[in-house]
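The form predicted on its own is given below as one chain in structure tokens.
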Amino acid sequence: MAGGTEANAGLLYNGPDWDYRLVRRAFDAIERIAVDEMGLEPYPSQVEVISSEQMLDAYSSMGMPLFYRHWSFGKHFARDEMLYRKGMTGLAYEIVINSNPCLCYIMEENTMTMQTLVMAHAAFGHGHFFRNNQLFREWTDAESILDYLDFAKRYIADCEERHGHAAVERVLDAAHALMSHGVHRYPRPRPLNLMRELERERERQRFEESSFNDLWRTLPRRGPDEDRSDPDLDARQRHLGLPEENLLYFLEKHAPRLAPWQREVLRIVRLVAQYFYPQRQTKVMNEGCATSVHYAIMTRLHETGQITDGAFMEFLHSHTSVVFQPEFDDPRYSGINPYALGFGILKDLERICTAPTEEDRRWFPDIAGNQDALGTWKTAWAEYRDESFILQFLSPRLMREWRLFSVLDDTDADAMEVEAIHDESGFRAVRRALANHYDLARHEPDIQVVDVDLAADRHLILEHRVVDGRRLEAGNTRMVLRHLANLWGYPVTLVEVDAASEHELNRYQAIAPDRTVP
């Protein structure tokens, strides 16, 4: 094949050692393939080389280059460092930040081939996905995220100086416990904008305090013997915007005892949670996109004689490790590898577009044989998230190759039942079951604020709508409700209701705060 000798004058590099000149040269070659040949549209990239300790530090703080301080980040750093030093786990070759410019961190311990691979993977694969996927376009603002994180870090550090480390830590502990319930899942939020946030901060705090105090002051009081039924529930819910699934948002706007700086801390935590929400919905697609892009680019570099056979073999060794899917009875099995699934579906789509079978033509009449695999990829990357991507593009052939089947695991039954296999009658059921596995709405509890007893003891009422019998674990639920009560300042009750029958299944009655945040 072309480029098989090290004497080839067109080689980008020769050997494992790297320097910044070679990294720049490789980046330019990757960019020509990615942008000019493949037509990708990534953000402009800023590549930075970091040490293994800096990579561990980035791990501990959610992969962000700058973040506020919290004890949990130090705990994660100590654990990850211990496992890494003992050889019990490895480190990612790169970290990439959804920002403009797109920040791509590569490790100084990497060989030159690995530096080339990770730039293709991160700067151009992830960079294109971040910029073009509809979820990221609607829910994140790559232009201002780094400025906002810098503001958040300085704001919380200033709060620690003024109010004490312990007081800030209590608020952050409670906010982090509720972080997964601090996102808007359906309405389109307003993108982050640092200048607007800074301008509105004081105005927002004054408005919240005044409007909230007026709300409590004007409500009538009822005696203990009066009828506690409330005929104005609908009106009260409309006034408070209930039901509300974003618990951090509700607390930020309505918690009676929070100071303005505490509301701003809650706002920071929930905006960070909102920023990461699209990534949780697109793990398979995001990694599949980046893996497919780096595979195409590295293959093209080898075909055009820009890397050696040895470098290409090194790349293939790393690539196959990334997309390796252990069998279910393999000790290394820990579920479905998102890299393997995303890459497998995309490569299968390429086959369907270029060399379809009759089965492919029946299942995918709109794309089978269109001879535009890259265009089909780009449409999928832009318009889908994990569960819809699998529902749309997982083919019968791939289900057979992976030997997928669906199991009905009923806790009331003595044995599990295989309800569908990879045959003609089971393809759709298997595909639907796998797609459901990546649907966050089916795996994260649907907990909403449904009422507040404003007229008496300000008791907060939440409802968990139970789907498929999946109840909350009692111990963890009580701890999280305690954090919620600490922020609210008054008792909290959580009612578990069957979503189908509306029957009450369980009640966590009047979890009182063990302390109110000062």
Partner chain sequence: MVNIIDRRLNPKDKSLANRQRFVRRAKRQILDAVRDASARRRISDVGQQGEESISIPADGLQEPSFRKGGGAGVRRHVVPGNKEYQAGDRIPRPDGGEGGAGPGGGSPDGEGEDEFRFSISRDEFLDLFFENLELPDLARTELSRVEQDGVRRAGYSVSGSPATLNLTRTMRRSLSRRLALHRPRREEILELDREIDRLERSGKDPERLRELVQERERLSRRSRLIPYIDPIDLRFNRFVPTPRPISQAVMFCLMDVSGSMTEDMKDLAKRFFMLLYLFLERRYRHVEIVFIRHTHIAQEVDEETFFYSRETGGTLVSPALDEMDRVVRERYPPDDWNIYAAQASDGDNTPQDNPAVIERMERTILPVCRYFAYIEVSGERGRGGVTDLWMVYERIARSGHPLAMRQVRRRGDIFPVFRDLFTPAELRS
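Residue numbers count along the first chain shown, from 1. Here the structure is a predicted model, which is why all the values come from computation and not from measurement.
There is another form of this protein, the form predicted together with its partner chain, and it is not shown here; the text below is about that form.
Enquirer: Look up in the predicted complex whether residue 50 has a non-hydrogen atom within 4.5 angstroms of its partner chain, and give yes or no.
Expert: Result yes; residue 50 sits at the interface with its partner chain in the predicted complex.
Enquirer: Applying a 4.5 Å heavy atom distance criterion, does residue 18 contact its partner chain in the predicted complex?
Expert: Yes - in the predicted complex, heavy atoms of residue 18 and its partner chain come within 4.5 Å of each other.
Enquirer: Please check if residue 23 has a heavy atom lying within 4.5 Å of any heavy atom of its partner chain in the predicted complex.
Expert: The answer is yes: residue 23 has a heavy atom within 4.5 Å of its partner chain.
Enquirer: Contact between residue 397 and its partner chain in the predicted complex at 4.5 Å, heavy atoms?
Expert: Result no; residue 397 lies far from its partner chain in the predicted complex.
Enquirer: Go through 303 to 311, 429 to 437, 135 to 143, 287 to 295 and give me the stretch that gets within 4.5 Å of its partner chain in the predicted complex, heavy atoms only.
Expert: Among the listed stretches, the partner-contacting one is 429 to 437.
Enquirer: Which one, 444, 358, 424, 372, lies within 4.5 Å of its partner chain in the predicted complex by heavy atoms?
Expert: Residue within 4.5 Å of the partner: 444.
Enquirer: By the heavy atom within 4.5 Å rule, which residue out of 272, 258, 159, 178 makes contact with its partner chain in the predicted complex?
Expert: Contact check passes for 178.
Enquirer: Within 4.5 Å of its partner chain in the predicted complex, do we find a heavy atom from each of 117, 184 and 322?
Expert: Not a single residue of the candidate spot has a heavy atom within 4.5 Å of its partner chain in the predicted complex.
Enquirer: Can you tell me which residues in 395 to 409 come within 4.5 angstroms of its partner chain in the predicted complex, by heavy atoms?
Expert: The stretch 395 to 409, when checked against its partner chain in the predicted complex, contributes 402, 403, 404, 405, 406, 407, 408, 409 at the 4.5 Å heavy-atom cut-off.
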